[in-house]
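Given as structure tokens, the chain that follows is alone and in the form predicted on its own.
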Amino acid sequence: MMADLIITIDGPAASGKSTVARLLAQKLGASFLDTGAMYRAVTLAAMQAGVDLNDQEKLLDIAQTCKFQFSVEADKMIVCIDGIDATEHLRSPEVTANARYIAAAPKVREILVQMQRQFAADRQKIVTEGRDQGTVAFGDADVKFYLTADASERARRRQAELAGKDTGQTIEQIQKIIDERDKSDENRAVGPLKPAEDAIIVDTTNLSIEQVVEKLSGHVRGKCSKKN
């Protein structure tokens, strides 16, 4: 079984995917699948276990032996690792910086894609966001979007997101991390970051979150009216 309506939102780091996906899901009465939280969960579990993040077999072992539970409460993805709620730890700069090791491990990605499809199978409508949702995880999705934005604007957004967390990172350091993640995402062998051939590309640089959500929901309404 698969959801009746699947909407994918792909794009680079800090392009607004998570916020837009969450709000779009709210608007459509759909479940929000935050795949970034899944990658971060495996990253955090690997870091807590003290394994070498370059050792793909050890990462695979973490993905297979730890118990990951993903649920949605009040439009937020709640993540438990071995029965312990880890949600608040997933957005730390260390986990963010190390998630690329998980993303570059093909066998771990396969397991995560299976988790994503399982999540979708249990729900009627989903909005899912990530790097390869429209190209790999849900190649037959009903509507596919690819969000992009200038690198400097993405760095500004990430800095605003981290405000109050006292990370001590300058905007230059944040942009450097984003640039490195872009390069890693675009050049990896499995599920590289790129728009699906049938994706609608939306540049969010000069748009507010509300404008992006409105734009996307307009496309979804148009698609669904044609489908019906």
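Everything numeric in this text was worked out from a predicted model, so none of it was measured. When you see a residue number, it is the position in the sequence shown, counting from 1.
The form predicted in complex with cytidine-5'-monophosphate exists for this protein as well; it is not shown, and the discussion that follows is about that form.
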property: In the predicted bound form, the one of 99, 149, 86, 115 near cytidine-5'-monophosphate [non-hydrogen atom within 4.5 angstroms]; result: 99
property: Contact stretch among 52-60, 28-36, 168-176, 66-74 - heavy atom within 4.5 Å of cytidine-5'-monophosphate in the predicted bound form; result: 28-36
property: Close approach of residue 126 to cytidine-5'-monophosphate in the predicted bound form, 4.5 Å, heavy atom; result: no
property: Proximity of residue 107 to cytidine-5'-monophosphate in the predicted bound form, heavy atoms at 4.5 Å; result: no
property: Residue 79: touches cytidine-5'-monophosphate in the predicted bound form, heavy atom cutoff 4.5 angstroms; result: no
property: Residue 141 within 4.5 Å of cytidine-5'-monophosphate in the predicted bound form, heavy atoms; result: no
property: Contacts with cytidine-5'-monophosphate in the predicted bound form, stretch 110-144 (heavy atom within 4.5 Å); result: 129, 130, 131, 132, 133
